[in-house]
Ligand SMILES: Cc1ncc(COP(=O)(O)O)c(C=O)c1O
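Okay, here we've got a single chain as structure tokens, the form predicted alone, with questions on binding and movement later.
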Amino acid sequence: MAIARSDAERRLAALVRAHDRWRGREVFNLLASENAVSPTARRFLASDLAGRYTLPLTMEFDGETLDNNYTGTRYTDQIEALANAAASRVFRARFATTRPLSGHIAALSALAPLVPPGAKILAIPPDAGGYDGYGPGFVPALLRYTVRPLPADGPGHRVRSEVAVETIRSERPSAVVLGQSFFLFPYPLREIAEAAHAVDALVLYDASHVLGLVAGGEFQDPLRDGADVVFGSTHKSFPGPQGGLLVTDREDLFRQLDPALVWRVFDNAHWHRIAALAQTLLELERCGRDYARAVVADAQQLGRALHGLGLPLVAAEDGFTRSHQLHIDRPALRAAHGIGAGALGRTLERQRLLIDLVGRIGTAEVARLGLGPDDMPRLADLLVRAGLRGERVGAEVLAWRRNFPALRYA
């Protein structure tokens, strides 16, 4: 019996179509926290896996030893094994799990089993570009940690090796948690790791923003530089579905991490997401280096072009960035043009140019569309004309955007 669709269902379908058209074909997305998922990965997200469970956990039940709570998982389990193996290869790690549902959940998946409640951790504070989740009232409060600041200075929020080493030696934490929301430059990781390990502290590297660049060998190689565990979001510079992953070379740590995931941090890991993540990892095996190189080259050239046109950016003396991000110099923007980063972002949105409202500009998705360094002066011109001069450039943006109908590096 056919059931007629309700008005709400028709409205919902229209909204999804409108979103897909708007975000997928009619704007240039320069949000540092987003990326475009390949067509194949998107098909996997819409597969039958979306409604399925698997729980490969050995347990005793009613006098029997079970290796899974469910039947029908012969392919699901193989998909997860394939995804984990691909993550190990891409990040040159001995052990990997693709189960974390987000970068934040990946952080909890590392911290909860490895750092005891009540311990002291070091993290870059939010007012120095750090992730808000590591602030005193959030993850540390949940796990009863004392969190102390790992200093990052200057408008580029750079961690200096001598300051970091001295802080680690004086604070003697149980763990040093690296990672930032405002993330322009690699860390002096070898020096940090040496100092941390000298006081028996773990180095946990949250690569959420730069995970795709790490995968492509373009930012830094945390495991080789001394990090004990690397984790992060899979939907920022890493061009996969919403989710997370975690890798390590240390078997002793992985033996603590892996059992702690099921029924502790989460249960169902969303296997359609893991299939899409596996596809993205396999794509990055083929072309991740070219992709990461393109993202950083675009960011550096866009920085130079915007700076030359009068949009103030931080870290000009250091080449603006080594990542996918550029940071607007917010005090200078307000002093020179009388607007804040939020107002600038809203103005640009009306002209089909998307940045976030806290002053970050990202190049990961436009690089996926095929825009290269030679295109960055034109993109900068559109951003400045729309954002600083109030010009209506939406039609020009739309006409140019239609020249990039398909994703590269996919």
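Don't overthink the numbering: it's just position in the shown sequence, from 1. Predicted model, so just to flag it, every value in this text is computed and none were measured.
The form predicted in complex with the ligand is left out here; the points below concern that form.
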Every residue of 181, 208 and 236 near the ligand in the predicted complex, heavy atom within 4.5 Å
yes
Non-hydrogen atom contact residue 273 with the ligand in the predicted complex at 4.5 angstroms
no
Tell me, yes or no, whether residue 131 is in contact with the ligand in the predicted complex, where a contact means a heavy atom of each within 4.5 Å.
yes
Is residue 102 close enough to touch the ligand in the predicted complex, meaning at least one heavy atom pair within 4.5 Å?
yes
Which one of these stretches, 222-230, 102-110, 306-314, 262-270, sits within 4.5 Å of the ligand in the predicted complex when only heavy atoms are counted?
102-110
